[in-house]
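One chain follows as structure tokens, the form predicted alone.
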């Protein structure tokens, strides 16, 4: 028996998201926080551990964590849904509101998982090209958003992999002028851009998506969304009951209690981003794009695949092939690292590009 004969036809054609593992390199490819996790926060996490953390099922509602999140973003706990990273929440939205015969609108280039989760749930992905500067083509976007079969539109701000943000006024216009759901993915909002949180109480078709992964807890997979109670009520019908484990819930709650410990790291990343952009601009043949995130997209004057491999040989891993279309065909993406990591990256990049 060939197991592939049992697989859904649309899944057979699916190209999975495959992170590549390169041992013994400095990782500047995954947009993680390069700084050491604060010792004071580690101590508090372990002080709060008990045997029940490991032997009992986690709180399915995540009440303590949701209470802290709702206080942070100034909403009610019933407006919040927790996820095993924001990836699970993207799929949850598609499972609840998408499906066969429905469409999900995706301005591209952007995070590839929107399309993948659309395909997994049988929802038709409709890609809308961005403008040449990676801003939204709002006219074309609204045409697709207002198609009667469209159920969801994903807008990342700051956008991955381009780094640019969408003005809040533009987001509000899109949310106001469509009858379908608009998911504003703010995974990188701690590093720049305008949050859409002020719009949450005005528009029942708005969902705001966030994650702990970019600043603090990439290894523990904690994300959340905020939306109108009519939306969260439907999502909770589909959500797995114990989707966020007890240790991750505890750690995320402690992180929020100690958020000031991470603010200095965020400031250092933003400062290094500015310096890295300035230094990249001095290298002949490099064109870097403005970024409000913790990474920089830059165009290179030679094969990005060859340059990527050369940097790997030099002990540095950046993101290769963030996309071969939509203006990304000669681009690489680098995560903002520590000052020492950034200096090494600039040195090796210059050695590879300047004869």
Ligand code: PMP
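Everything quoted here is computed from the prediction, not taken from an experiment. Numbering follows the first chain given and starts at 1.
Heads up, the form predicted in complex with this ligand isn't pictured, but that's what we're talking about next.
Residue heavy atoms within 4.5 Å of this ligand in the model of the complex occur in exactly one stretch of 247-255, 186-194, 232-240, 95-103, and that stretch is 186-194. Highlighted residues 86, 160 and 213: every one comes within 4.5 Å of this ligand in the model of the complex, counting any heavy atom. With the partner omitted from this view, the residue of 80, 156, 152, 175 that lies near this ligand in the model of the complex is 156 [heavy atom within 4.5 Å]. Exactly one listed residue, out of 262, 134, 111, 203, brings a non-hydrogen atom to within 4.5 Å of this ligand in the model of the complex: 111. Put simply, residue 130 is far from this ligand in the model of the complex: not one heavy atom of it is within 4.5 Å.
The closest heavy atom approach of residue 273 to this ligand in the model of the complex falls outside 4.5 Å.
Contact check for residue 221: a heavy atom falls within 4.5 Å of this ligand in the model of the complex.
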